[in-house]
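Next comes just one chain, in structure tokens: the form predicted on its own.
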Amino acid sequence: MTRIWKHRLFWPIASLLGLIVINSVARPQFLSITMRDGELYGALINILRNSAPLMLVALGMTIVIATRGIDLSVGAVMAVSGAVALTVIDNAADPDNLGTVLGAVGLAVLVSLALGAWNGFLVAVLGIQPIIATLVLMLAGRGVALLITGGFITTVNSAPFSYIASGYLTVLPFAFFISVAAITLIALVERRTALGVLTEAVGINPEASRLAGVRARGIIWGAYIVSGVLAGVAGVIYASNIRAADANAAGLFIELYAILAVVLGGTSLMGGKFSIAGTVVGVLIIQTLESTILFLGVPSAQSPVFFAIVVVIVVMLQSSRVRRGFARLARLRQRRAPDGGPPPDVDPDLEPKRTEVAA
């Protein structure tokens, strides 16, 4: 039982289950799943579908943070990716052609790969601080997306492209399978090969890893490329969901939510040890919390405050220092005698006697 209590995933999973219980009590239909035309619908299904873009971005962010870095440009990469895909489809003779859509998506992901490689070049080769290097693309990326779309919101009506976000494969949303494929691939590469160990080694001590023969530069560069590719796929899903390329709204603040999901999952911002499973749980916590906020009818202007309060509570529950403090208070209360006297495990007759010294 103690091992379960101290496991790094215990508190994230407990927080997720707590949110599910609260939602179930507040609205019993939260857990209900219905089948219509061979497809599953319900609040839980919506969470799985809507979490796909954030899941992809958070997975890439986990790898970057594991190398002691940060990627603030993922939202801008999403905007560029969506702009590229929608522009290609909009200028095509037949937007409903599957080959056109696949070509547009492939080009968007390729551009995202190039943007991720640019971030990796600045960090790994030129040695620029990650927060500064990615801040450049964070500020310039949306301007690039506006240049691609001509300063307008590009909209398309393409059935194959809309299928990416709203379509179903068997009984579950297609976007959910994209996120599952990304999770499986990242987990296999990072946990079933030596790459995961090398990534942790680089994050713990890059210089020592380099002296030990680890190609730290290549690993860091690859982490930013992976982050860019996953952000590009997330941008395609977002653009497919709204059927438009909105350079200003696409991926807005998603870098902050991704970092939060990584931290909620137990990955340290100091680099080194990371948890893919923890990141998955962290994303589900955020998505479930957003669903809770919408159900409670919190105004959009006030929802960030409500979200921040709940997140602070969740983070405090996961803090080892806070848990040690509560455990210490519990032990003191147990040892304190009911009448305010000495602890029950101490014999009063054995207490040292005070002697008064005559003046």
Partner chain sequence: MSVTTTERRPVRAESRTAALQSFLGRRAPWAPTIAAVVILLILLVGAEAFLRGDFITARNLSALLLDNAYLLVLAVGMTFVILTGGIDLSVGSVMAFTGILGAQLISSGVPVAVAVPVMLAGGAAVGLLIGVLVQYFDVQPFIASLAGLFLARGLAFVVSLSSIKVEDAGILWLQSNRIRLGDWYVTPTGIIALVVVALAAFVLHLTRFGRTVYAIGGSEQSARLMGLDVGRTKVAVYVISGFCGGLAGLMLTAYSGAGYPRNGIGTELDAIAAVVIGGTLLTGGRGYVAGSLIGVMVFGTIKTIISFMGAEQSWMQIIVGALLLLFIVVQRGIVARSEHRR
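Computed from a prediction, not measured in an experiment: that's the story for all the values here. Positions refer to the first chain, counted from 1.
This next part talks about the form predicted together with the partner chain, which is not shown.
- For the residues Ala277, Ala117, Ala244, Leu135, the 4.5 Å heavy atom test against the partner chain in the model of the complex is passed only by Leu135.
- Taking Ala92, Leu110, Leu98, Leu146 one by one, only a single residue has any non-hydrogen atom within 4.5 Å of the partner chain in the model of the complex, and it is Leu146.
- Proximity to the partner chain in the model of the complex, taken as heavy atoms within 4.5 Å, picks out 255-263 from the listed stretches 176-184, 100-108, 222-230, 255-263.
- Shown alone here, Gln302 lies within 4.5 Å of the partner chain in the model of the complex, counting heavy atoms only.
- The closest non-hydrogen atom of Asn157 lies beyond 4.5 Å of the partner chain in the model of the complex.
- Although the partner is absent here, Ile70 sits close enough that one of its heavy atoms falls within 4.5 Å of the partner chain in the model of the complex.
- The partner chain is not shown here, and in the model of the complex it never comes within 4.5 Å of any heavy atom of Leu40.
- Within 4.5 Å of the partner chain in the model of the complex, a heavy atom is found for every one of Gln129, Gly150 and Val311.
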